[in-house]
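Single chain ahead, written as structure tokens, the form predicted on its own.
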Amino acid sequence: MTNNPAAKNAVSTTNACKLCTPLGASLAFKGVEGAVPFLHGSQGCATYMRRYIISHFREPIDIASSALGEKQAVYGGGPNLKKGILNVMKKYSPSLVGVASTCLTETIGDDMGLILHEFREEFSDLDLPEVVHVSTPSYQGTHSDGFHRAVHALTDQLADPEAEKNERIALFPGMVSPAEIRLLKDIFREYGLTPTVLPDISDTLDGPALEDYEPVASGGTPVADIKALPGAAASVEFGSCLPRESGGTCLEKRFGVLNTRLPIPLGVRACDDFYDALAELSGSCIPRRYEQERGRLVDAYVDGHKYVFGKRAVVYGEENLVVALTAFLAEIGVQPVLVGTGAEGKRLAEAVESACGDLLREQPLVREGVDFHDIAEEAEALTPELVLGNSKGQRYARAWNAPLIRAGFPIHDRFGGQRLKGIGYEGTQELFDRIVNALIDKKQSDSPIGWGYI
């Protein structure tokens, strides 16, 4: 379903405002210790995804493939999938192989569950890794859908019903950056809590320089920790447009682990909800460190208000991030005029109104299932002065002569996308500073004279 008027006469997608579904699943699998993502499809799918992920994270990325050709497209790809997993076992000795389907294998009807069952039977004499599979045809959903489906599959297929009770908190942070995951773990520790973060890409997609090559990057969520999730004391997951079936709901429905859904903690109000939830889980008050961070953030809002107030912004990208960014902009006095995502059926308008309805005198246009052609067609008349989203909107921001604040995935035209932070009081502070300075830079650049003080 789409509420996009421009889509009525559309015959094709022009510069999609989303990425393909198995790419998101590959990102999630990269957050498991010793895991190798595996695409059941053609070689070209894996090549495209490696290019996209490497360009953002600047890390070596291996994604295996069953490399189907014309013959397998007719007779089925089961033999290739089994042979491919054996090859991965020889080369990487993985603890887990995360198999994601693609358009081709979904279209020809390969039953991955049956094929993998046969694989385990045929090679039961070998020391097999865990194999988790997820359905991710790209003609159905976005990279965000693939990510969340993979997290659900990891939880559902690995969780051990006999796991002992423990004091850990299951944290499903969604599509945040490696730097943000490190920040979240630090925050949990300050409250005396031990999180099991799924997926944890803090090291696997942002590791240090090494003297020796590692076939599989160190770090990630240990498989044993995923198996122990049913014994967790509680779970927390971020997102305002999450699917009904998620990692957190899986734990709650199957094992009775209390799940708390929160918006991405971006902005003072969303952060307050997050820190309050941690206080309740830990039985501790907010540490003074975070009281100080909050106070400095509010002070910055006051200082920067004159630069941002009343600016008109366009926001696009992954639906959960889009809601968080829109609520944050409303909080700092920016007027979001158009909010768009390539995803469909996410109740985006409802989520945006719920997140910032009391802060905005006029609600922004909210569009689901749009591409950049649709966004540009409507945004130009709205005269945006600020744009927030990933690198794919760069040429549109340039055409509108508006600064682009890069956020989310992918960021291909700037350096350090994996280290950007926007969550917690600390991350919000960094994002706010970037927005203010971008607007000042724009004004300074447009002036024929310029100035040395602001």
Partner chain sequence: MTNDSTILDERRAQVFRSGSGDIDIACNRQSLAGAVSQRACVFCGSRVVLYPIADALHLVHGPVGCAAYTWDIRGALSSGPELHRLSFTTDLREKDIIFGGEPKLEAALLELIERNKPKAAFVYSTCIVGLIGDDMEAVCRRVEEKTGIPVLPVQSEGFKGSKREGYLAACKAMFRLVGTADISDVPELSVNIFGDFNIAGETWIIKDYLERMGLTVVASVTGDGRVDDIRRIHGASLNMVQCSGATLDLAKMIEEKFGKPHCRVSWLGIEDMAESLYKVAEHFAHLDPGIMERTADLVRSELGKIMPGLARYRADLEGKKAAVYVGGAFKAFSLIKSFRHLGMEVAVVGSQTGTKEDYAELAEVTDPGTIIVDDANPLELQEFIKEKDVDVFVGGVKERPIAFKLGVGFCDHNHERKIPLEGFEGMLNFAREVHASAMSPVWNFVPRREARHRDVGKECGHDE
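Positions refer to the first chain, counted from 1. If you're wondering where the values come from, they're calculated on a predicted model, not measured in any experiment.
What follows is about the form predicted in complex with the partner chain, which we do not show.
Visitor: Within 4.5 Å of the partner chain in the predicted bound form, heavy atoms considered, which of Tyr92, Tyr301, Phe255, Phe119?
Guide: Contact with the partner chain in the predicted bound form is made by Tyr92 alone.
Visitor: Heavy atom within 4.5 Å of the partner chain in the predicted bound form: which of Gly207, Pro287, Pro243, Gly345?
Guide: It is Gly207.
Visitor: Out of 258-266, 223-231, 291-299, 209-217, where are the residues with a heavy atom within 4.5 Å of the partner chain in the predicted bound form?
Guide: Only one stretch passes the 4.5 Å heavy-atom test: 209-217.
Visitor: Spell it out for me: taking the partner chain in the predicted bound form, does every residue among Ser12, Lys18 and Ser66 have a heavy atom no farther than 4.5 Å from it?
Guide: Checking in the predicted bound form: Ser12, Lys18 and Ser66 are all within 4.5 Å of the partner chain.
Visitor: With the partner left out here, check for me: in the predicted bound form, does some heavy atom of Glu59 sit within 4.5 Å of the partner chain?
Guide: Contact check for Glu59: yes, within 4.5 Å of the partner chain in the predicted bound form.
Visitor: My question is simply whether Met49 lines the interface with the partner chain in the predicted bound form - judged by any non-hydrogen atom within 4.5 Å.
Guide: Flag for Met49 set to yes.
Visitor: Classify Ile115 as contacting or not contacting the partner chain in the predicted bound form by the rule of any non-hydrogen atom within 4.5 angstroms, answering yes or no.
Guide: So Ile115 does not count as contacting the partner chain.
Visitor: Is Thr249 one of the residues lying within 4.5 Å of the partner chain in the predicted bound form, judged by heavy atom distances?
Guide: So Thr249 does not count as contacting the partner chain.
Visitor: Taking the partner chain in the predicted bound form, which residues of 96-130 have any heavy atom within 4.5 Å of it?
Guide: Those in contact are Cys103, Leu104, Thr107, Ile108.
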